[in-house]
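In the block that follows, a single chain appears as structure tokens, in the form predicted on its own.
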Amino acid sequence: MSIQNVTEKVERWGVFELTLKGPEGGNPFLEVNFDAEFRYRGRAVMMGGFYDGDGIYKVRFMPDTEGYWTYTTKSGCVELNGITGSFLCTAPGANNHGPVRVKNTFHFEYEDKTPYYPFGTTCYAWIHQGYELEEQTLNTLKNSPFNKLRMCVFPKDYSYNKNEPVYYPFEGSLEKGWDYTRFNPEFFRHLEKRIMDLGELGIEADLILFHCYDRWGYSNMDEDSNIRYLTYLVRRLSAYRNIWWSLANEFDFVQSKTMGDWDRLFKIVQQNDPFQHLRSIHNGRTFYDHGKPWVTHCSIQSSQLDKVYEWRNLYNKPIIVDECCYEGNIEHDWGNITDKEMVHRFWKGFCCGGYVGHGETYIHPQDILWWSKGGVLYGKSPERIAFLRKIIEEGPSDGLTPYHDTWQVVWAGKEGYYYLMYFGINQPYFKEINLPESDKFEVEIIDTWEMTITPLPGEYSGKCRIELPAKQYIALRIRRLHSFSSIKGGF
């Protein structure tokens, strides 16, 4: 195909898909290698292809540069080898900002430099619940503040989640066993459909690749099966810009794998993803070493939000406390914190320089709990998380820097320009602060629960006494009005 006759167009960070017909006999998942080299001027990117069943082979690619791209397929199978073509990469659409990347060590942005602040939630097994409930989950997300969703590839077996999934990832059955050398394309088509649905809503799919809550045997696959599974999955999904890779939920509870195994599995993901999406791993009781080079950010389970500052210093990477316990009323101690406590943990985590994830576990007559199955949100925290998100998005575009915390207050901001102070469960009736004497600031009192912002009259500089309402869950927002010098102040 000559460049002049190119008609296919793909927007930047969209998905180009090449579909070819090839052999069906034997086991194509094992016996047929299929890749493609994509070129833009002098740059070449190799992308692994995959078998999609019924003699169909595909390769997907996410172009990151506008202009004409060419490709050449490579395979030991003559029908799939040496096929060439080209396509035109056009400007991205209005809501397409590219994949999320780490920014300024501790924060995130989209590849087009638009700021991204993760406000996540958890719906582990939502894609295994059937069409009606899955559509209800998407509708709930559409009207929520959440722009990241933690979700599992494999189905889940745990409290309040005992139903069989609609699709299984491998050929076979629970009764007869699974053939880990043969994938079920229908399962993966459904998974990628739901990932695309999230992308349409502007939601990042934080995809959990392994977990221990399993009665099907997927957590105990042998090493070769794990490698085949990851290779196949990453080749199918990495062209979608809203993918994040989470190697595991509570990795240390997966008894079949060692630390060395997790290192190797991380590298399999890294090697098969030419787009280098974000990569993390989630802990139970034991932390993985997030300082390892293939980990892009820390995904942490902890209720100790005051340690965010410590983890920042230890790992020198963005900190997301993806699980800080869940708003709800179930019997498990991790699933029955109050709505106010959930909101409190969000504010504390953000003002310590990190990010925090949400979850909800209210008892339901059909066991449809958001944290596992999705459905509808019943709690009072989401609207207050939306309030916080608006405040964060109105703040410094390069994220909040934590300063220090005391028994009474945590605070972060941009030195000499913007400060966000959070008093949490304390209820002082005043606070003395020191601002630069040569600059003037406005001060607002934020009620994080009532979602009110009350400007204080006048302008502030130097040593100030701020009168407070002597109630819990209050914050201060302090913003510079006029700049006369770069003298730094402190609280």
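All residue numbers are counted from 1 along the displayed sequence. Since the model is a prediction, treat every value here as computed from it, not as a measurement.
Keep in mind the form predicted together with another copy of the chain is missing from the figure; the text below concerns it.
Q: At 4.5 Å between heavy atoms, is residue 328 in contact with another copy of the chain in the predicted bound form?
A: Judged by the heavy-atom cut-off of 4.5 Å, residue 328 is in contact with another copy of the chain in the predicted bound form.
Q: Would residue 304 count as a contact of another copy of the chain in the predicted bound form, using a 4.5 angstroms cut-off between non-hydrogen atoms?
A: So residue 304 counts as contacting another copy of the chain.
Q: Should residue 44 be classed as touching another copy of the chain in the predicted bound form when contacts are defined as heavy atoms within 4.5 Å?
A: Contact with another copy of the chain, no.
Q: Indicate whether residue 55 is a 4.5 Å heavy atom neighbour of another copy of the chain in the predicted bound form.
A: Residue 55: no, not in contact with another copy of the chain in the predicted bound form.
Q: Residues 425, 428 and 431 are flagged as a possible site; in the predicted bound form, is every one of them within 4.5 Å of another copy of the chain by some non-hydrogen atom?
A: Verified in the predicted bound form; spot residues all in contact, yes.
Q: If contact means any heavy atom within 4.5 Å, which of 113 to 121, 309 to 317, 412 to 420, 359 to 367 contacts another copy of the chain in the predicted bound form?
A: Going by heavy atoms within 4.5 Å, the stretch is 359 to 367.
Q: If you check 333, 200, 132, 224 against another copy of the chain in the predicted bound form, which one has a heavy atom within 4.5 Å?
A: Contact with another copy of the chain in the predicted bound form is made by 333 alone.
Q: Quick one: from 160, 71, 294, 275, grab the residue that has a heavy atom within 4.5 Å of another copy of the chain in the predicted bound form.
A: Looking at 160, 71, 294, 275 one by one, just 160 meets the 4.5 Å heavy-atom criterion.
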